[in-house]
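First, one chain by itself: the form predicted on its own, in structure tokens.
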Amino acid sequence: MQRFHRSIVRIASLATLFAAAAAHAGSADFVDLRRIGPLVGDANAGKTKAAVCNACHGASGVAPASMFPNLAGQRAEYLYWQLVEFQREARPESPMTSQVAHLDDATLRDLAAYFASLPAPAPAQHEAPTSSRGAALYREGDRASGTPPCQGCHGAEGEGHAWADGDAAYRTYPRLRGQHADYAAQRLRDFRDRKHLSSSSDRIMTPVAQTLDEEAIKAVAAWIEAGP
């Protein structure tokens, strides 16, 4: 019965988030990722095009610096639409803006397919245990602050949405397990500060991040890096 109740709470939380995204639909131009098809790309071609990517994201798709994301093992659909978003936003402060500005669509698809084909990184090993608050926020959310559980979209262990294998739309929700804490925390801050509103996924994450204070952001990010 308790498991059933938690499932209902998660479904209700997700329904609220989707309603919030839909409410923004008429306010500005954005990419609606809720009805996308599977991505088709050439991973072998992507490998030959990825040399410049390796400087920040690592030859194996695992970033050597914690402020850059790990790309290995992410879903191709997530990676592709993130690249499209970089092109759309063209944020002057982002090093990605100049990197993707002149890439054609086939190249974006090939790069996404290549990094998706690499094995995902294992969670980081920390000597000290991560905050129990981070685990609680990820798994159960926080009713007092209105924070929904992260696992509703990103999987119980941070492995991605449970429906991703059967529906490409759910492949745009990133795998979080093993992601660098510094990068994950900065992404949450950017969502909180409404810096990314280019896609329906952005418009789901923005109200979620706005329920998190700085301590909560750091706690969730640390748990994501270390894993369950």
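If you superpose the two forms and keep the largest set of C-alpha atoms that fall within 1.5 Å, you have the rigid core. Don't overthink the numbering: it's just position in the shown sequence, from 1. Source: prediction; values computed, not measured.
What comes next is about the form predicted together with a small molecule, which is not displayed.
Within 4.5 Å of the small molecule in the predicted bound form: all of F68, P149 and V220, by heavy atom?
-> All three within 4.5 Å in the predicted bound form.
Looking at the partner-bound form in the predicted bound form, is Q99 within 4.5 Å of the small molecule by any heavy atom?
-> Because a heavy atom of Q99 falls inside 4.5 Å of the small molecule in the predicted bound form, the answer is yes.
Is V52 a contact residue for the small molecule in the predicted bound form, using a 4.5 Å heavy atom cut-off?
-> Because a heavy atom of V52 falls inside 4.5 Å of the small molecule in the predicted bound form, the answer is yes.
With heavy atoms only and a cut-off of 4.5 Å, decide whether R187 touches the small molecule in the predicted bound form.
-> Output for R187 is yes: heavy atoms within 4.5 Å of the small molecule.
If you check in the predicted bound form, is H57 within 4.5 Å of the small molecule, heavy atoms only?
-> Taking the distances in the predicted bound form, the answer for H57 is yes, it comes within 4.5 Å of the small molecule.
Residue shift check between this form and the one not shown, rigid core fit, A101 Cα at least 2 Å = No: A101 shifts by under 2 Å between this form and the one not shown.
Is A156 one of the residues whose C-alpha moves 2 Å or more between this form and the one not shown after the core fit?
-> No, shifts by less than 2 Å.
Explain in one word, closer or farther, how the Cα atoms of V52 and A90 are placed in the predicted bound form relative to this form, where the distance changes by 3 Å or more.
-> Result: farther.
Outcome for the Cα pair F86, E93 in the predicted bound form, compared with this form (closer or farther; change of 3 Å or more) = Closer: E93 and F86 approach by 3 Å or more in the predicted bound form.
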